[in-house]
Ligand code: BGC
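Presented as structure tokens, the chain that follows is alone, the form predicted alone.
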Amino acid sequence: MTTSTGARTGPTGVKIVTGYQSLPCCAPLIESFVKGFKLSGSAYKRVMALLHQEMNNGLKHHSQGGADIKMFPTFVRSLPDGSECGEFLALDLGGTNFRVLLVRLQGHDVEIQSKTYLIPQRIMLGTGTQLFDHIADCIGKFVLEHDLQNHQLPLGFTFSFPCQQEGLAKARLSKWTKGFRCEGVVGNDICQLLQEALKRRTNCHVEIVAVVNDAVGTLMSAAHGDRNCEIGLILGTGCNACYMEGLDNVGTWKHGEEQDHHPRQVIINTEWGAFGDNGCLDFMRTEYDHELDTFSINPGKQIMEKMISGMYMGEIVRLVLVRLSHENLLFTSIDRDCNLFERGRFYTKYVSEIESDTDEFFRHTKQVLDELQVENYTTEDCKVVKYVCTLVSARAAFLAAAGLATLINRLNKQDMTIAVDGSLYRFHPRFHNLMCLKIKELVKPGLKFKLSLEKLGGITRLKRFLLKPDRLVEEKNCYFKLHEKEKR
């Protein structure tokens, strides 16, 4: 392996090293266990062709039912224009915590107050009633803390799980992802469940008036200031994308040929995390991907998401490190009872921290190993750990890039902005640059693109629904089964 020869600047302004660190003398043996992460350009082009076909299947009425990528129409037919004004609540639910926000909007001026609440594991794996009661309790406390109990408050709901949308404020959960498994929710209207919980648990005057997922909200928030933005991407706990599609291409649109004042277009929520559930990506999956999937709470599901997102990246790295340790290629004197051998214990934030090391001192890598109770590690061990992180990160970034390149080529516009949000993209020091390099390689010649970090974190995502509904279509870390010690 060669050492890095250059540096670039990521979305947060951090200088990042673009190459790999040199490996110790046992590099050939190590390579034999990690080579599956190093895919050729033709492999990613194959991914694009498969994704394009799966997207078409999801858009067609006769094939959508059996398609892994559902391509849900969202009822959003146009994008913001900057004239929105008003006051509203927003609820952002998409992982192990959620945010409640009070947003006051005057055109381009935004005033925001927010609070984050945790969702205990027992609730994530409990019942839908428990989940929505917990959320309603927190909303009630938030309203009281801000002295809003006598206000009539519209609420926009960002719900970042696959849903079949039936109206601006009506969406049925298709399946749980990202470690949730609450009973009694799949197939039901999540807005109704939350509204009933608010009525049951609070005395607040809160009405749910809109629901979107985080990708759609990110696109709409960014489009408020960039008219070239027609793609939204989430790279966080999960991974998903949305884009603006011509209505003539959406065979699942159920409103016929009605004449209205809306553009003949609609934002499509791809739910592309499920890409590969039919086995079409098996050619690029490693033994570590298969093991991760086996021990997940949803085996065989969300295959693309499991190779990209923040919920799983750290665990893939951990599985590789454990295998190398078992082969006596890493941590040769390690205690098998340390945290490295506990499923789910190597967090994705560790990957970002390790990759921020740009010299031979490995300060962040050593801090992570200390937290994992790994003892007697060497500088050579640190090099291997960082190398594994770079490989797993690069594959995730390149796979996300292949997905975006597919959408960019599909829209075929000369200048395209992609709005991106999510903790993985925000905090990983190399993800932005890796994606840009691969997208340039995969898009059609002459097409220009820009990845734009959504500056407000999608907080103002729902303003478009709440404050200008007349311009839209009218109303029509518990990932693992067991946190067990892994045995040799």
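Heads up: residue numbers just count along the shown sequence, starting at 1. Computed from a prediction, not measured in an experiment: that's the story for all the values here.
We do not show the form predicted in complex with this ligand, though everything after this point is about it.
Across the options 284-292, 299-307, 352-360, 388-396, residues that bring heavy atoms within 4.5 Å of this ligand in the predicted bound form belong to 299-307. Of the candidates 98, 377, 161, 88, 161 is the one whose heavy atoms come within 4.5 Å of this ligand in the predicted bound form; the others do not. Put simply, of 406, 221, 348, 240 only one has a heavy atom within 4.5 Å of this ligand in the predicted bound form, and it is 240.
Shown alone here, residue 178 lies within 4.5 Å of this ligand in the predicted bound form, counting heavy atoms only. Not displayed here, this ligand is kept clear of residue 231 by more than 4.5 Å at the level of heavy atoms in the predicted bound form. Of the heavy atoms in residue 315, none are within 4.5 Å of this ligand in the predicted bound form.
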